[in-house]
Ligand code: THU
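Shown below, as C-alpha cells, is a lone chain in the form predicted on its own; questions about how it binds or moves come after it.
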C-alpha cells in the first residue's frame, strides 16, 4: 500500500487538492453545529470533474448527527450514481474563527469511505489537516482503516 504523504503547508499540496480544501472550507460555512461549535466541511471530486460538498449537521439527539464526509458522499451517490469518487478533502474550524484546525475523519466516516472504495473498486485519496500546518494525503480509506468491516464479514 502506498504510504501517506505529508506536507508542511497547504501550499505544498497539488492544485487539485488545494482547490478541494478551498471548497471544503466554503462548505464548512453551511455546517449546523450549535452544540459543538465545530464547523466541518468536506469536498470530493468525481471522475467527470463534478465537485460535491458537505457540512456537518448536528442534532440535539447526538446519534442523529451527520458528519460532513458522509453528507458529501451520500449526496454524490444520490445525484451522480454512475460516477466514481477520486479524492476528498476534509477541513474544520471553530465557529467564528477562520483558522483551520486539525480534524481527522471519524471511525464511522472511515468505514463509509471504505465501503465506497469497495463499491467502486478503486481507492479514494483523502486530504486532511492533521496537526498545526501539517497536511496529509492518504492514498485510500483502507490506509486509514486497515481492518475495516466488509461484506466478507457477513458471509456464511
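Just so it is clear, the model here is predicted, and its values are computed rather than measured. Residue numbers count along the first chain shown, from 1.
As for the form predicted in complex with this ligand, it is not shown, yet the points below apply to it.
Between this ligand and the residues 40, 44, 127, 113, the one pair within 4.5 Å by heavy atoms in the model of the complex involves 40. In the model of the complex, this ligand sits within 4.5 Å of a heavy atom belonging to residue 105. In the model of the complex, this ligand sits within 4.5 Å of a heavy atom of residue 67. Using a 4.5 angstroms threshold between heavy atoms, residue 56 counts as touching this ligand in the model of the complex. Not displayed here, this ligand is kept clear of residue 120 by more than 4.5 Å at the level of heavy atoms in the model of the complex.
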